[in-house]
Every structure is written in C-alpha cells, then in structure tokens.
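Next up is one chain by itself, shown in structure tokens, the form predicted on its own.
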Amino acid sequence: MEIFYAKEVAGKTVFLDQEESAHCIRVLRHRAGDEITVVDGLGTMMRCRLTDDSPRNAEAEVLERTDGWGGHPYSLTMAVCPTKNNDRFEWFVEKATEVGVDAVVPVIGDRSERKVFKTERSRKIALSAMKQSLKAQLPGICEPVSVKDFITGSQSALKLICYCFEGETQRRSIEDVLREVPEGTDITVMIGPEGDFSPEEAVLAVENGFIPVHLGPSRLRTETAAVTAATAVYLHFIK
C-alpha cells in the first residue's frame, strides 16, 4: 500500500510537497485521475484522486476520510537520552514509530555522552516509519531538553522511570504498573544514557511523581530499553 504525506490540507484538496510529489509522480508514475492514499500526520487517512500531477506540486481531491487510522488507545511520550552512536537513537525512533508513540523527547542527562542532538534527521526517519507501518499520526520529535527540566515540567498522568536504583528503591515491572491504568492514559517513560541517570536525577524524578520500573532482568542498551518499553505499552493496550 502506497502512502503519501501531506502537511497542507485545505477543505477537500491536499497538497503534496516537492519530495512527496516527486516520489508520487516521477518514481511511482501516478497521473491525474489515479487514486492515492494520503495521510496528514494528525491521524487522518484520506482516499484521494490526483487532480494535478506536477512532480513539484501535486494536488489531489479528497474522496473519503478515515480518522484515527492506525492509531492506538493511549498517549505515549518517550523521553530518551541520545546515544553516543546517533544511529542507535535513530533506530529507536524508527521502531517506536512503527509500534506506536506520540512524542519522542531527547533528554540530556548528567551522564550523557552526547550533549548535542539535531532533530531534523530523526523527524524524517519518523515520517518514513509512519508511512511504512500504515499509520496516519506522525510522532512529534521534540527539541532536546535537560533531564532535570523535563522531570519538573512533565504533566503526564502516568510517569515511569527506568533506573537501576541499586536496591535502595523498590521497582515494579512495567507490566504491573500498566495493569492499573485505563485506556487513554497519558504515559511518559524515561530512559537514561549508557551510564544511566545520575542519583540526583533519579531522586528528583521520584520526588516529582515518577514511578521506578524495570524491564526484566537483562541489562539493556539505551535504545533497546526504549523500544522494549514502547512495545510493552503497545502490547498491553492493543488487544
């Protein structure tokens, strides 16, 4: 199934940008009159008919709309420390988008090895993964923020932190915690860097309502832990 993304939709007309137009017209050789599937990145899938097959500014008429296409019955924000190897973080963004995530926040911690993160490439990866996985909602890839600022600013109904805590704080499995929350819950999961969160960050998180959780007995890399957490939420709510 070919899916195109349109940032601009006006009434019953969708406008493909230059990149999407070129892919539709030059690569896939669609012409005016063809039916195509377009998503708006906000959750709506549209069955459309091409009315202008310009390879730079293609346009299409909306024939039918389906809201909530490929969606999920929860809201998930993944706050993850960027990895030293940026390819690993981009792999996480791709897989989390395929599974189902609403926002990805790169958080810079006391022990982060990567202190600078550029969002544009991750946004392109998320867009591609959205289309590939048959979804209509594009997750937000936020600008980087410090771990401490994120902790104190988070307003989610359920806030989870994956941290070792070295035995001084009781941790619960993420599945046990998820059993206690209904569909539609706004969930945030924080994943630390290769060296984990600092003790100060962990204490601050608990003081601000974050629940310490674990993802099983294995020691996971940052990106693996992040995908595992996103998958745990997905599998719990998708029946």
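Numbers follow the displayed sequence, beginning with 1. Please read all numbers here as calculations on a predicted model, not as lab measurements.
Heads up, the form predicted in complex with another copy of the chain isn't pictured, but that's what we're talking about next.
Asker: Could you tell me which of 126-134, 75-83, 147-155, 108-116 sits within 4.5 Å of another copy of the chain in the model of the complex, going by non-hydrogen atoms?
Answerer: Checking each option against the 4.5 Å cut-off leaves 126-134.
Asker: Whether Gln18 contacts another copy of the chain in the model of the complex should be assessed with a 4.5 Å heavy atom distance threshold; does it?
Answerer: No, no contact at 4.5 Å.
Asker: With a cut-off of 4.5 Å between heavy atoms, is Cys24 one of the residues that contacts another copy of the chain in the model of the complex?
Answerer: No, Cys24 is distant from the partner.
Asker: Though only this chain appears here, would Thr231 touch another copy of the chain in the model of the complex if you measure heavy atom gaps against 4.5 Å?
Answerer: Thr231: contacts another copy of the chain in the model of the complex.
Asker: Heavy atom to heavy atom, is Arg179 within 4.5 Å of another copy of the chain in the model of the complex?
Answerer: Contact check for Arg179: yes, within 4.5 Å of another copy of the chain in the model of the complex.
Asker: Since the partner is left out here, which residues of 205-228 would have a heavy atom within 4.5 Å of another copy of the chain in the model of the complex?
Answerer: Contacting residues: Leu215, Gly216, Pro217, Ser218, Arg219, Leu220, Arg221, Glu223, Thr224, Thr228.
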